[in-house]
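Shown next as structure tokens: one chain only, the form predicted on its own.
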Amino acid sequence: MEKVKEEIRIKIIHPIAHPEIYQAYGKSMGGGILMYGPPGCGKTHLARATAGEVQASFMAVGLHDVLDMYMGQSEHNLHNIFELARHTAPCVLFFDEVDALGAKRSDMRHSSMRQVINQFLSELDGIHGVNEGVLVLAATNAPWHLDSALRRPGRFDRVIFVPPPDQEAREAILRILLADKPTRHVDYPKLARSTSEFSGADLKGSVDTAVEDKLREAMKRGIPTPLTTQDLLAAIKGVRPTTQEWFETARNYAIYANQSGLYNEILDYLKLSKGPGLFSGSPFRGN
């Protein structure tokens, strides 16, 4: 994910680590990055890793921290979160499942949720306070449900596609997942080749399934045996990549609702043309 990490470095890490360079160019420290992609591919993990890289406050904001049943309280909660971030700047705010807070206002039946979205936009603009030093990370699995106003410059002006891990990354993830488990002659490159389109969560699920199968075997034999490549391949065969369902939906939006070019990265990933002959290519890379 070098492209994703470089965007986070430029927008969040470097401004905090080297503020004098940014000041020399008259560049203020602030703004936001919106990450989107299939579930289980590392968006939340990237936010946590960012917190570990910067000497700054880090606030992970969940829906329960904002939404409230009482009229006006959700907006008040959101304002308080941004005020706390401003007072502890430099600060990184992370909003997971941001589509629940920033859905399209035209789709809203209740004015109360429209008011929450309006409040969110106002806070991002710094209308209620100066956002210097407040850097915002957000993640969503459904960018097509977001209000387009969120992508205006000064708000989430960097929109980054976080794809499933490539073969090299899958091998690295498998090595980490199996590091504390008994194994024997595991062929990691073969496993990585066999898990095309798997998310990090899918890989973890496959390893967990293989471990459970070995536990059943150990209970019958009365002695534990190490995991092998064949054990892991057998578990992998029983897993359908969860990313496929996401791409089936994303593909439709990328083809039929991509006037702004927002979903070009999805088309590139699926190897679909952006112009004439749009429907050429395989619906899934590697198939």
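Start at 1 with the first residue shown and count on from there. Every value quoted in this text rests on a predicted model; they were computed, and no experiment measured them. Throughout, rigid core stands for the largest set of C-alpha atoms superposing within 1.5 Å between the two forms.
In what follows, reference is made to the form predicted in complex with a small molecule, a form of this protein that is not presented.
Asks: Wondering, does P143 line up within 4.5 Å of the small molecule in the predicted bound form on heavy atoms?
Replies: Because no heavy atom of P143 falls inside 4.5 Å of the small molecule in the predicted bound form, the answer is no.
Asks: With a 4.5 Å heavy atom cut-off, would you call C41 a contact of the small molecule in the predicted bound form?
Replies: The answer is yes: C41 has a heavy atom within 4.5 Å of the small molecule.
Asks: Does the small molecule get within 4.5 angstroms of any non-hydrogen atom of M1 in the predicted bound form?
Replies: Within the cut-off, so yes.
Asks: Counting only non-hydrogen atoms and a 4.5 angstroms cut-off, does A201 reach the small molecule in the predicted bound form?
Replies: Yes, contact at 4.5 Å.
Asks: Looking at 223-231, 33-41, 60-68, 252-260, which stretch has residues with any non-hydrogen atom within 4.5 Å of the small molecule in the predicted bound form?
Replies: Careful reading of the contacts points to 33-41.
Asks: Among I173, A85, L150, V207, which has any heavy atom within 4.5 Å of the small molecule in the predicted bound form?
Replies: Filtering the options by heavy-atom distance leaves I173.
Asks: Compare the position of the CA of L63 between this form and the one not shown after a rigid core fit and state whether the shift reaches 2 Å.
Replies: Yes, shifts by 2 Å or more.
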